[in-house]
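In structure tokens, the next block holds one chain alone, the form predicted alone.
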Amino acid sequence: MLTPKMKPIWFFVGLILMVMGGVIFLSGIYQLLNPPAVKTVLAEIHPAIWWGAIMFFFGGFMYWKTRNQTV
């Protein structure tokens, strides 16, 4: 009898981080091209772009590292 193979949790965490990071990054690009009427204190450093990119690349690394693993 074959036992089912499962992906580790970090595979799915990587996918979620990639998707969420991509959405945050794209919203940061949108806000860069269309600035809001009310500026926040740190708006000039564009934190959505930085954190979106960091989340996307870290999620991509976690996905790439665990893509062939099964538990």
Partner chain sequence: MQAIGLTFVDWIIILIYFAFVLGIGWYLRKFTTSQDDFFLAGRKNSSWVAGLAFLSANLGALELLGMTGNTFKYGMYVAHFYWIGAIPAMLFLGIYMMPFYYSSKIKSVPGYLKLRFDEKTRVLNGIAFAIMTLLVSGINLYAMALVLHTFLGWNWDISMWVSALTVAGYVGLSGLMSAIFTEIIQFFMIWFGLFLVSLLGIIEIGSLKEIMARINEYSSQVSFTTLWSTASDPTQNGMFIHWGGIVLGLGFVLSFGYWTTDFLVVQRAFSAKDLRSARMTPILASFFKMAIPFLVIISGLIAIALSIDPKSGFKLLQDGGQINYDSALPLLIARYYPSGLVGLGVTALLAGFMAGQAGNISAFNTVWTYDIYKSVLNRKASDAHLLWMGRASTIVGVIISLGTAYWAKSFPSIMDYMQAIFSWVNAPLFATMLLGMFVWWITPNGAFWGLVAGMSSSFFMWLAVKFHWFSESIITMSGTQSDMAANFWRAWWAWSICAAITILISLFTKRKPKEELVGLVKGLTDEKHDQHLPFIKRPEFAAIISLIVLVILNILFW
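Please read all numbers here as calculations on a predicted model, not as lab measurements. Numbering follows the first chain given and starts at 1.
What comes next is about the form predicted in complex with the partner chain, which is not displayed.
Although the partner is absent here, residue 37 lies well away from the partner chain in the predicted complex, with no heavy atom inside 4.5 Å. Looking at residue 65, you'd find every heavy atom of it more than 4.5 angstroms from the partner chain in the predicted complex.
In the predicted complex, at least one heavy atom of residue 45 sits within 4.5 Å of a heavy atom of the partner chain. Residue contact check for residue 58: one or more of its heavy atoms lie within 4.5 Å of the partner chain in the predicted complex.
Taking a 4.5 Å heavy atom cutoff to the partner chain in the predicted complex, the contacting residues in 12-46 are 12, 13, 15, 16, 17, 19, 20, 23, 24, 27, 31, 40, 41, 42, 45.
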